[in-house]
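Each of two forms of one protein chain follows alone as structure tokens, named structure 1 and structure 2.
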Structure 1
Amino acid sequence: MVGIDVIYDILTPKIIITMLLTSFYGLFIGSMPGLTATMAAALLVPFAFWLDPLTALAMIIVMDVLAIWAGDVPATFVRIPGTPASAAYIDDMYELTKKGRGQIALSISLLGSTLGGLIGVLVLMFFSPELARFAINFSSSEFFWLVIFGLISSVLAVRGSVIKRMTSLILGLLISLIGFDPVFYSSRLTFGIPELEGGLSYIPILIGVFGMSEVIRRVYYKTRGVTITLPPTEFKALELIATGFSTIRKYFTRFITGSLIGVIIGALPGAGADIAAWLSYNISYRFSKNKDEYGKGSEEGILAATSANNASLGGAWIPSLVFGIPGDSVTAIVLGVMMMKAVIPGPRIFVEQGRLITSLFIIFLIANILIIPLGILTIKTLGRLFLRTPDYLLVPAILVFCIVGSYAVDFTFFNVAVMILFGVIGFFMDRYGFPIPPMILGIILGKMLETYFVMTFMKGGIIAFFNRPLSLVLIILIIFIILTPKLGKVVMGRR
């Protein structure tokens, strides 16, 4: 299946060096509380401009895989999640640290993440083409409902007030409509500002809401580094790996269930590693015989959630590659990079870009395997060092990176102004409980939603949205995901 040409494509000094550098970058970002894989991916985009498609995408894949695992490092040692995905099982990690088993907790997450991630990639490798063949039957009406499904998922997948979640989504959709419209080429919502005629590039917006808002937040709260006192317990590298494997053997059902939940959640547009981890942890708790251990250092819970974490990363690529709809916020950035490189996602990508896609699968596998040696290295040495990076070094570096990164998109300072503005907006939205992900998904999918809406409407009016079997299936699916919690309550109530 894997041609020798694909191996040649990957085994170039440029790709190997890029993978190594971004793996350390991913470990660093994941280990830093407050810095997310999404922000790290956004900061990589300016580099992607200057690289070939395979190197650019390899860079993001490796960073993402390593960052999601590394988010467990500060969760374990200082009870601060490095990435949102680590929040689900943070108490269990920290409790094990207090018992002198912090390194063991990380070794379970290391093996769970690696093997869960590999399952995610295998599903991506073997099921994406089938999904692609299925997707060829999709018309504008199905794509319209699919985009709606993704947008609604993004609203349902976050917490907080429904009104605020909806507001965030609508704001995102409106931001995407600024400038010329995709069907009639009319100028819209520009307020007479010529720079807005071409629309807003979403890269400076992403850098703003994730990177700049983090700078503002840190300046506002003047966050200080936390002094860590680690228990003196040290384990040998082989001992850590052996413990990880034995935990997987002991809780094999949890591991498989967690990985499958991760793949499924990842494949849903708009849902990512954090939701997968929460869901898997909750389901594991529901079916566990050791419920009392949950929250107090449950190795079972950690395994279930961490295997879902990294399995979701592969799953998130399925809708991205097949439909061009991001599975999570990192793949939203990946889609931007793909389009920038004229790699158009969609059902035909496996035919037109077969060699590139196979290379990406292999890189995904390598990235997951890389977690083991680099993770052990991190557990043993780097974790503590990263956590002690003081704000007076970190904040100016992020700020300058945000500015130069936004400027590098098209060498204009208008994008830098957009980045700063969205940094402020992101800060206030976060402060007042408006979730950012629906807005981001709205910005990414807004033009697509309008295009499919207009195409379907012009084909046959309102009825065209409802007269195809696949459209009806998607509508039922949308109603189902909206009503699931209520149906669950009704069923539980009857019991």
Structure 2
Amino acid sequence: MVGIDVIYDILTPKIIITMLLTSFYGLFIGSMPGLTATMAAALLVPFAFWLDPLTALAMIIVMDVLAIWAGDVPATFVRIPGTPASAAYIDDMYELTKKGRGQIALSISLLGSTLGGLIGVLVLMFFSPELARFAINFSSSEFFWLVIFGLISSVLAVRGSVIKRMTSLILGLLISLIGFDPVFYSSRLTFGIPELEGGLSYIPILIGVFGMSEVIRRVYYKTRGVTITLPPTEFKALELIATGFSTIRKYFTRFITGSLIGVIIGALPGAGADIAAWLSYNISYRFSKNKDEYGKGSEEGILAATSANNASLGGAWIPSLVFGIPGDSVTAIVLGVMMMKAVIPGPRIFVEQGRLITSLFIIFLIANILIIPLGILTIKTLGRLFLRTPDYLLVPAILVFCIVGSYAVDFTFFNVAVMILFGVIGFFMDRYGFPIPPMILGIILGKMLETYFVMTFMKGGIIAFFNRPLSLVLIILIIFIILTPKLGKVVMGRR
């Protein structure tokens, strides 16, 4: 029987040892700011040469799942996103820790990521062809409106004056224009600086506006006699699990919608976990009854975004397996490994490689379940380290993390300078009430917005943006999201 054969394939010393080693590798990569899952997957490719197809793919799957979750740990303790996917809800995680509720933040992340990831894998197992056909119907027009949806959501999901929110978004879009023009093949806004030809990497920017700005903030307050200290917290395994389940039960709708958004966004080629987290968080905010808590320690915001993170990983494998189109940067590397091992993706892969694919699905399930025991170990270890370290040691340590993480992007000190610059920018933006999330999403999505706009316009002018059913659905959804609060007030007024 195939089921028994699959179990025999997985329960071998080689597979088990590989999964454990790459689990700890993923936890390390995710916990270190600046080291992304994509970089970690690329570093595993040389080992794939010497391994069989199942073991080679298993090590990337396990690493990816653990790394994406682990990015929440430094976000909780030192306000630095370990991976870009954690940036969407970093303020909520950190604010809960400042209030002595860090255990709640990490319990939500732990169970939300695990169960959201399991939902993503189950959808991958049972609905891959259907979702792949849906995703493949997305043209440049639909991607353009999806990016618009994300940018508008980022503005609507933060507090403050409309002018400050729009200023932050426009700043992010302008920053995304720096470098090589992907449409007209020319340089722009480089000011003769060779390092700007390739544009600014958003990872040093993320580390700067969150991590470096935190260093500057702590030093600033210290000079005024104020010390920022995090209250001690005991991280107990059973309480972490119980609190996580309790929060999911309380905000079950947010969990389900976040997971489904993660799967759908993950299935769209090129989207990835970070966009899934931002969209899920922003949509959760728009429909929440507790909007004032967002950015200040919202449990439902964290749950919606962190469940979308790991659910998107399963979704990203859908177009990769069915059509050979990478769902994100990690699955692009996975496709290369599959080709190397003569595993050809396509509709017939489920028939021709049924035993291998079934084994990969089970490994995906195991990887998500591993988040709980290994995650608890990571939380208890790093929790003691960060919360018990005095400020005069913690601040230099955060600064070192920022420098190393920025340098590790492409091993140049230029990115370190970018990180410091955006640390200063982030400090002043926070001080004068300019929200950071719109700027970050503008930087991430700016190039995509420009590319899809030009591609769509060249197809048929303005009409090309409105002549497809999926585009009209997205436009209606955008209008609905914008008008939701006003419609709610009208309904309540009539009542």
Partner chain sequence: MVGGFKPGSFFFSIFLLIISVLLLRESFKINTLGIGWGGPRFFPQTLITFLLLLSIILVVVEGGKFFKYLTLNRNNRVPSVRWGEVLPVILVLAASLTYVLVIKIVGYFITTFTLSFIVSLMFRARVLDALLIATVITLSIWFLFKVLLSVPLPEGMFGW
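For numbering, take structure 1's sequence and count from 1. Only the largest set of C-alpha atoms that superpose within 1.5 Å between the two forms is called the rigid core. Just so you know, these numbers come straight off a predicted model, no measurement behind them.
Please match the form predicted alone to structure 1 or structure 2. Answer is structure 2, the other one does not fit.
Answer yes if the Cα of residue 340 shifts by 2 angstroms or more between structures 1 and 2 on a rigid-core superposition, and no otherwise. The answer is no; the displacement is under 2 Å.
After the core is overlaid between structures 1 and 2, has the C-alpha of residue 46 moved by 2 angstroms or more? It does not reach a 2 Å shift.
Would you say residue 56 moves its Cα by 2 Å or more between structures 1 and 2, aligning on the core? The answer is no, as the C-alpha of residue 56 shifts between structures 1 and 2 by less than 2 Å after core alignment.
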